[in-house]
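The chain that follows stands alone, in the form predicted alone, written as structure tokens.
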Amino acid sequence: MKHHQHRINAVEVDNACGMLIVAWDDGMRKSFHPLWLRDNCHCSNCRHPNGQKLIDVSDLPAGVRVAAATRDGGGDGVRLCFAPDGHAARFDAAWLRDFAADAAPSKKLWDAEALSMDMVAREYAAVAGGSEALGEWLALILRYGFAVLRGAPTEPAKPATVCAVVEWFGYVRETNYGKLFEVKAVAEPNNLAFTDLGLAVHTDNPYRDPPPALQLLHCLKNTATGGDSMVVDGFKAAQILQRENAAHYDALARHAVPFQFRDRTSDRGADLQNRLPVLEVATDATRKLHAVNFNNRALGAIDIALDAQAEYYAAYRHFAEILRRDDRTVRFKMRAGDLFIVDNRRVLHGRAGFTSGDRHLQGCYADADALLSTWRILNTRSP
């Protein structure tokens, strides 16, 4: 899935600070810090053939600056000379461009009106058959936090189809439910997911450390009445909460609360516990939203300070009500052969209750770093 190779039109050095300024043929301009460039030099003295660094940051001379810069190869790269040590380096235009452009597709927040199933759905056969189609499908997941495959095989297979899809981009994450779990109503369930009851939209497994980043569900059969699936963009809901009441947003971001799951039905059993804020934000100055952790079924007894509980419950209730608003929720009926994937740290999923009929899904978990790695490889701009 190669993209157009953008060439460098011009380079210049800001003599006041020794930075490199690069202009590409499509008008993009980007400044690069001299110490960052020196630290990322790819010459044989600075990098092993396996790509790992041979020098430490403490080996770099003080006061590094770019002394001279010239285009190379008709715009395929740039050659630099550093001061004060005269070190020479070459950087590919494509490599620099990767850092000038977004590292991944930007998140596109949505509600029921902004997201249609056709926007995020692709045919299983097409995605299974080519790297370009796979790259586009992975981009949908990164952009919307949710994507669908239609027409996936429903006959028994080893590995199961849902696990095989994970292998297109990464690895199945095994849990106490196994690598593969069956989602259908059973007589003595250890989790409400394995009943015919409705499930409010939620984050899966916030009691794990860390919670699964991705969840996949594959419909093998669905003749049930009811049981419609639901997805909500948790980041959009958090944005609305912050706009409607900033203090409520701050309360859910400030306080970590306990999540837990106990299972005594298996031989080993499970007693899983984790503490997370409902709105998990970056610890740096940006305070950027990193994840949503919302699962009322798995929430333990909230144990924050007594004088903070009234405000916290008001915030928690406010967010829960936003998540249940009709204009937030995309609803769809899973048909045999449908397979969906959600970014479990962003998009909350649930289902309506169902009766009379057979509803059988298979599911598994995966990590997001492998998906992003595969997307980057498929989008590599140069060998």
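All residue numbers are counted from 1 along the displayed sequence. Remember, it's a predicted structure, so these values are computed and weren't measured experimentally.
Absent from the display: the form predicted in complex with ligand OGA. The rest refers to it.
- Contact annotation for the candidate site: 181, 193 and 204 all lie close to ligand OGA in the model of the complex (heavy atom within 4.5 Å).
- Heavy atoms within 4.5 Å of ligand OGA in the model of the complex are found in exactly one of 346-354, 24-32, 322-330, 55-63, that being 346-354.
- Taking a 4.5 Å heavy atom cutoff to ligand OGA in the model of the complex, the contact residue among 241, 251, 217, 134 is 217.
- For the options 104, 256, 128, 199, the residue carrying a heavy atom within 4.5 angstroms of ligand OGA in the model of the complex is 199.
- The shortest heavy atom separation between residue 361 and ligand OGA in the model of the complex is within 4.5 Å.
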